[in-house]
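Take a look at this single chain, the form predicted on its own, given in structure tokens.
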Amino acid sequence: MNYQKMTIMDMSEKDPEKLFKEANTLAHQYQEEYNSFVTILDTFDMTDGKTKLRGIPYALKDNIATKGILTTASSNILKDYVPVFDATVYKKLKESGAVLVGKTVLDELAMGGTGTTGHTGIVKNPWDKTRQIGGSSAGSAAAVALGIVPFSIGSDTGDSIRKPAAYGGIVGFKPTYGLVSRYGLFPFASSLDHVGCFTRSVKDAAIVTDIIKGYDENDMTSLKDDGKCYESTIEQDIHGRKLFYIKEICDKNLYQGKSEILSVLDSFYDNLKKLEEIGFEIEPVSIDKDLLMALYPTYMAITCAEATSNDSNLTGISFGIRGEGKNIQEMIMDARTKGFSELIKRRFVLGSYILQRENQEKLFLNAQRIRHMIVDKINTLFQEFDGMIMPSFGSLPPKFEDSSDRLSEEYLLLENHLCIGNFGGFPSISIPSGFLNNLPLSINLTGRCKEDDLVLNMAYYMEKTFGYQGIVAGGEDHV
């Protein structure tokens, strides 16, 4: 069987050293063309774990601490940083017997959704090198989409696992907030950050999550292990499960003349019919459009404020690049001027402004109130429905020359609803659902907190229905 199409279970009986050699060879082969990795490891290193991940090669986002291995968060200010401790998720994977192939490129400090701001260069979409793969977990997504590894680990603060997975034609799963420890993850916005995975199948996502979940005394926000085995419950009957989609976002009348968006929505509605045929009940629901339009500014206010606080330790004094100057203030200013890109500087300026005493009530606390209103509305719907189903995006991956920071109504509504999963800490997964112009389409499913097993269970049947499990970029599976 072609290595690049293998799932975790396909690899379970294979020689781990041969698997690592395959992954290492592909990582080097594709690196110049796609730039998935900051660091590629050339030495096979495996503990004798007794799990289904024993001997399975994987990639790790470069904002997750690895003792003795370069960890840069794709920022110049940390370009030479080598941690002295292991993140909990990395430690669990080592103990499971999984084999690290390399650390992957991200948008600088995980702040961004384009895969274009990492200090080592842009990450290209394996389906079309002229297009973005999305971010911030760009390299982790590309490594799986290319077939270099069967799974990778990323972080998700607004959509940073699920959107790149959608653009790459793979599965991206963000578990319930706190289900996976964030100890050793360089924080972006602590109240929104999640650790999750990219895989080639929903079942593989369940296998990986079973290994990395659980309480961690080093992370006060981590949840007590629920004791469930997600892999073993993934095939339970889903007949009669109820789902909703948001009418104000998916209404085709909003996008007349936007042929690409209409084609994405046509595919979405066709797939809803297929899901109804296998036993799902699906209904549109209405949510106040003003509340939906507040998603993006609320996300920006909270993340910029929390990032400014979290990254205040990036001074170049204790670690990172050392700035020049006559005193500490000048040294810090020099280090940050040289160490941060313009995008990051803008976010820190915004965050500092939002956190100023005279602005906190109007900007930061109001954003928290709106977040609360959104989460309350979704939780109310979850009393009646088992999940929310939506297109993972509204238009195909942007071309690099077309990318823009300008906002539009369709951008706000169709491209930013995934942050609802972070606002409420809900488990959320993106699943390949079709193709448009030889580029993958995707559907997202979000469920109730602490019901990750049910979300994976429903997603498993969706994947079987759509029929795009295990596709590899550039393959013929979709033709």
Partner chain sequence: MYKAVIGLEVHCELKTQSKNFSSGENSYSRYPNTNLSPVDLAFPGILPVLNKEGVKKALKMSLAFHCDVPDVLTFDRKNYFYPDLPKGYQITQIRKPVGTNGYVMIHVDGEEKKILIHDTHLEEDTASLDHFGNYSLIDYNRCGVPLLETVTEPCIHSSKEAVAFLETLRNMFLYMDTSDARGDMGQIRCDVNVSLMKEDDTELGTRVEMKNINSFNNVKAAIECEIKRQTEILKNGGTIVQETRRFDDVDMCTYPMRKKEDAIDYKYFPEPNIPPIKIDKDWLARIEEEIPVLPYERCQNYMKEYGLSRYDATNLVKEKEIAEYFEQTIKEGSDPKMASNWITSVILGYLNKEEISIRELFLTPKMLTELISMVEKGSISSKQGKEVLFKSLEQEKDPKSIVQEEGLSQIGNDEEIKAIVMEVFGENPKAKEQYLAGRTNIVDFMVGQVMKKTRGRANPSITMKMIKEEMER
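Positions refer to the first chain, counted from 1. Nothing here was measured: the structure is a model prediction, and the numbers come from that model.
Same protein, other form: the form predicted in complex with the partner chain, not shown, and the subject of what follows.
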Since only the chain is shown here, I'm wondering whether Q356 would be in contact with the partner chain in the predicted complex (any heavy atom pair within 4.5 Å).
yes
Taking heavy atoms only, is T233 within 4.5 angstroms of the partner chain in the predicted complex?
no
Applying a 4.5 Å heavy atom distance criterion, does I374 contact the partner chain in the predicted complex?
no
Taking any heavy atom pair closer than or equal to 4.5 Å as contact, tell me whether G394 reaches the partner chain in the predicted complex.
no
Heavy atom of each of L78, P187 and S190 within 4.5 Å of the partner chain in the predicted complex:
yes
I need the one stretch from 302-310, 163-171, 111-119, 383-391 whose residues put non-hydrogen atoms within 4.5 angstroms of the partner chain in the predicted complex.
302-310
Going by heavy atom distances of 4.5 angstroms or less, which of F244, Y183, F280, F268 would be at the interface with the partner chain in the predicted complex?
Y183
Which one of S259, T130, Q329, N379 is close to the partner chain in the predicted complex, taking close to mean a heavy atom within 4.5 Å?
Q329
Can you tell me which residues in 206-222 come within 4.5 angstroms of the partner chain in the predicted complex, by heavy atoms?
E217, N218, D219, M220, T221
